[in-house]
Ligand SMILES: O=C(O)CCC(=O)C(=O)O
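This document opens with one chain alone, in structure tokens, the form predicted on its own.
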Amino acid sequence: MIGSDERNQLMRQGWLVVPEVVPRVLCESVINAIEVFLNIRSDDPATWYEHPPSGHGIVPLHHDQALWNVRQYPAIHEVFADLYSTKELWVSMDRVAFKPPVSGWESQVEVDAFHWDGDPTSEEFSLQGLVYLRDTPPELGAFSCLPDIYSRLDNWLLHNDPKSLRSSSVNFPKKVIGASAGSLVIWHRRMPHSSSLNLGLVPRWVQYVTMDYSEAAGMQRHQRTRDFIERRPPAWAIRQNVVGQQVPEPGPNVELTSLGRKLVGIDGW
């Protein structure tokens, strides 16, 4: 699915869109799970603003079957396998997001600061990703990034403290990346990123999905398996203490395919 041209493009510009990887029926199932969790309706704006705005609209839901159906969808694994040049990957147990239009909030909503989710000085090849669950044009609060900083990051880091990004990023042009429902947006972990304000008329719906090199054995694999079986959020998510997070998350056991079991780490590659 992904060839050397696309991989080179990702390395050069720091981001890549793979259109309509996930079927819309799977995307709609995730939206339904978000609606149930938040007690909202996607077709009823009166329900969109009962929860205070937080971060990028993060919804602390990790282990619903609908989310796992997307994570273990073979085409997503194929994309990441092509980019990493190996099929032996583990999938993230990340969350979803619901960001309604800013016009509905009584108070002003600010754009979240650009940031890295890891160490930008690391030279390790590592990716992050998200799936747009419905059509998401740029004005709908789409993923945004700073390609100018990414393209000369090593030099930028020589002259800037990474912590200064939050205040200095306003001086750099941002790229806002929209795409159709089911599309996979992937970015290099060294890319500073955020999400833009939702200036549209309908909510932005996202599931964060990424994969990375698997570990052969050890505590990390044991911990991942335990988190899955016990329906626990990852430790980093628990530390963030997002409003509404439950530990463990209630609900029935998730069913995994043979691919899903490998992506969790229950079965080896």
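Each residue number is its position in the shown sequence, starting from 1. All values derive from a computational prediction rather than experimental measurement.
Just so it is clear, the following notes concern the form predicted in complex with this ligand, a form of the same protein that is not shown.
Peer 1: Heavy atom within 4.5 Å of this ligand in the predicted complex: which of Trp68, Phe37, Tyr208, Phe228?
Peer 2: Checking each option against this ligand in the predicted complex, the one that comes within 4.5 Å is Tyr208.
Peer 1: Does Ser195 reach this ligand in the predicted complex if we count a contact as any heavy atom within 4.5 Å?
Peer 2: Ser195: yes, in contact with this ligand in the predicted complex.
Peer 1: Spell out, yes or no, whether the shortest heavy atom distance between His115 and this ligand in the predicted complex is within 4.5 Å.
Peer 2: Residue-level check for His115: yes, a contact with this ligand.
Peer 1: Tell me, yes or no, whether Arg232 is in contact with this ligand in the predicted complex, where a contact means a heavy atom of each within 4.5 Å.
Peer 2: Because no heavy atom of Arg232 falls inside 4.5 Å of this ligand in the predicted complex, the answer is no.
Peer 1: Is His63 near this ligand? Define near as a heavy atom within 4.5 Å, in the predicted complex.
Peer 2: The answer is no: His63 has no heavy atom within 4.5 Å of this ligand.
Peer 1: Go through 186-194, 119-127, 149-157, 81-89 and give me the stretch that gets within 4.5 Å of this ligand in the predicted complex, heavy atoms only.
Peer 2: Careful reading of the contacts points to 186-194.
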